[in-house]
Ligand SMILES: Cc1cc2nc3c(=O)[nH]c(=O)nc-3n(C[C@H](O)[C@H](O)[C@H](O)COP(=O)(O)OP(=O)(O)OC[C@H]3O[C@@H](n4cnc5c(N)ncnc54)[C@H](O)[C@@H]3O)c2cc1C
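The chain that follows stands alone, in the form predicted alone, written as structure tokens.
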């Protein structure tokens, strides 16, 4: 008998993924479910890593304070932790298959995040991969090695975001921070920087952040960073980037933020994802066809317009993924008669992010119910760095202690 067919027993909610959305869902569920109900988090990593700080790691800064061990943090809140990869979801059988076991669930929340779609652009993957990116600890270290070589062998640098990319702000941060570092080392005049993006305008960030446009344009102009906007990257190969505008950019180093697809094994599970591996959900974060499955964060997208985003995907930030996970957890708990559903799918403050660019930074916010109101404020570099560090430490503390629910 499937786990959800025995109402007299303790219910079991499984969360696949242990980043912002997964932890937000887990803590919210634990607070709302009955004491005898079980909450289990399944993820392949043993630690949480604050992904927005990986740009700093690529620049050589320590990331020790931006991580914590998952098992003891979750155990303190009576949440089970299984360190293993989710290999398959059996929708009919209400089970999740991992590397080591099969786990039955009454409700499942998918928060597995995304993975770089390295096949989207020739040259982004394979033996002759010509570009780096920053989406994980390993890729940040690879980018760090590429950038170190740039300082010893100066030459043209191309930084940007490919068509379909969602983690775009890292490219802006990296461009500004590298410009500062190169100038400090007396190498700036030997490293021309070109920023390439498929966004319709600078600072769009995938959801129309109009207030950032003029600010970023001015910052780039002041720092002699050339831009190529509203262009696709057609091919990347050794020391050159070919654009849809028929232009070829020469480069000693190339850092391109790629588009994402869904997690491979979720993708392979029948009836869960679209053709890109992402999970379509309603405004309640419930799967459009599977009532016992929810999804939140980068792994999901709304199947219908949700104000104030319309058809745009949610901004990919830890801040928003955390809120999405909490809403999904609250709705899953409500479906088990524990509490009320989340009052709204998205917070009124949709997006808050700090671009720490070395000598200068930007504080970006987007708020609203029916439509978004965007704000952008230029910050001195030291203020931007301290503010971003404070936000990071606070969010890491919240997630480590379970104070998010």
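All of these numbers come straight from a predicted model, not from anything done at the bench. Positions refer to the first chain, counted from 1.
Beyond what is shown, the protein has a form predicted together with the named molecule; the following relates to that form.
If you check the named molecule in the model of the complex, you find no heavy atom from any of 31, 330 and 402 within 4.5 Å. Think of it this way: in the model of the complex, the named molecule has a heavy atom of just one of 73, 229, 225, 85 within 4.5 Å, and the residue is 85. The listed set 113, 277, 123, 116 contains one residue whose heavy atoms approach the named molecule in the model of the complex to within 4.5 Å, identified as 113. Of the heavy atoms in residue 170, some are within 4.5 Å of the named molecule in the model of the complex. Mapping the unseen interface onto this chain, residue 321 counts among the residues with a heavy atom inside 4.5 Å of the named molecule in the model of the complex.
Taking the partner from the other structure, the named molecule in the model of the complex has a heavy atom within 4.5 Å of a heavy atom of residue 42.
Although the partner is absent here, residue 316 is a contact residue: one of its heavy atoms lies within 4.5 angstroms of the named molecule in the model of the complex. Look at 155-163, 217-225, 243-251, 292-300: in the model of the complex, residues with non-hydrogen atoms within 4.5 angstroms of the named molecule sit in 292-300. Shown here without the named molecule, the chain has no residue in 220-239 lying with a heavy atom within 4.5 Å of that partner in the model of the complex.
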